[in-house]
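In the form predicted alone, a lone chain appears below as structure tokens.
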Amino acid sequence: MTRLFRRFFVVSMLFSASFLWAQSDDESDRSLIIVGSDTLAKLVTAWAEQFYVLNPTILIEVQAVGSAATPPALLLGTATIGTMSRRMNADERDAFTVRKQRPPIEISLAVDAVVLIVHQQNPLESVSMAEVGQIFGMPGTCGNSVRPVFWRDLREDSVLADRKLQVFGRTATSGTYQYFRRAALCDGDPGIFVNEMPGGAGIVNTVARVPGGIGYTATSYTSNDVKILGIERPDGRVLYPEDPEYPLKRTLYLYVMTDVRSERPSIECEFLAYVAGEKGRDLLRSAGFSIPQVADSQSALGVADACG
């Protein structure tokens, strides 16, 4: 009997990380290649790991290289499933539709929040959205004209008064970058002073070591080593990610390359059924995400049910 084993490796370079489960002999043509969001990497990896346990004769690869990698990977057929922390834009959709003669299958996968983080010893507790624009945007962003350079420019009584703000954000290939630019910077440009990093975990680890640091990242990457700031509303309330009205909540998406509804049941259909099932939903919640209550596109369960 052919002996199967699990081979796992991680390639972690400046802009990429990949995870592979495969068999050593009797290579199967059933493969699942998932490319895309860094924000969803830990969740998708957990799903893939458990799905492999149930389906040890398939090859599964997860590449967490950023949301911008998803549309071209699906278009060229180098991925079977793509994940994004933003929706495909009009150009990406049009290119897919022209090549595939149908629009992409879009699934509202999960909900999370983008949070502002500082060092644990920073006394700052909250900021307004106007201050977010000042801290992270170029002059003029959201109508602001002054950028805080020192912590005293943000809070006069700060114990960090004479220390410079060190600002950290994501790179342009990130869906989190694109979302933050739209939702927090009024579609303006991030400041040239922002230290851009390829992954959310890197931002958390850096801010945890830099007393004067401030950055943004997905909630799922936060740890006890950093402090999550509240967002001040004009009515005086301070909102946190668990609040329904928190202004930086977003939906995360999954895209499928094949037209699962017109082909025989595929490995993508089996994976979507697992994701939509009880165990898949439990992993989603334990990873710090929530299930969309009102989906703005199809659900994983809906697509799985529609599979050939």
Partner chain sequence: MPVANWRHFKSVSLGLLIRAASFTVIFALLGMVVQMMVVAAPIFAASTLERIDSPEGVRGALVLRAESQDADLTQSTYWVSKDGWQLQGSPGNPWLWVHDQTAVRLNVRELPSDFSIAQMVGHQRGLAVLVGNTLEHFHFSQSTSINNVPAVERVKTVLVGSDIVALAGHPRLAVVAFATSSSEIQVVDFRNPNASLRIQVDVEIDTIVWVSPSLIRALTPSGDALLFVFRATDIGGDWRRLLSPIEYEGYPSEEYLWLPLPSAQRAEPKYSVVPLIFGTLKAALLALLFSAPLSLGCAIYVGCFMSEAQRQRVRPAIDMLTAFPTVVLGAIGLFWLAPRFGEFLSALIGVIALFPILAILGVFVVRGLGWRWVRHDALDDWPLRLLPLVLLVIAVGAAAGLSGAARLPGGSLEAYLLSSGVSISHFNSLLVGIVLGLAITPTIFSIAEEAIHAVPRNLAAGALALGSTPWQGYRDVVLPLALPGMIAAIMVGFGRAAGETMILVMLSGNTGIMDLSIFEGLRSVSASLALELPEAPKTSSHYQVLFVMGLLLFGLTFIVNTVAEIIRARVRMRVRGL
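No experiment lies behind these values; they were computed from the predicted model shown. Numbering follows the first chain given and starts at 1.
This protein has a second form, the form predicted in complex with the partner chain, left out of what is shown; the following refers to that one.
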4.5 Å heavy atom contact, residue 125 and the partner chain in the predicted bound form: no
Residue contact check: residue 95 to the partner chain in the predicted bound form, 4.5 Å heavy atom: yes
The partner chain contact at residue 140 in the predicted bound form, heavy atom, 4.5 Å: yes
Residue 104: touches the partner chain in the predicted bound form, heavy atom cutoff 4.5 angstroms: no
Contact check for 68, 163 and 193 against the partner chain in the predicted bound form, heavy atom at 4.5 Å: yes
Which of 128-136, 115-123, 234-242, 185-193 lines the interface with the partner chain in the predicted bound form (heavy atom within 4.5 Å): 185-193
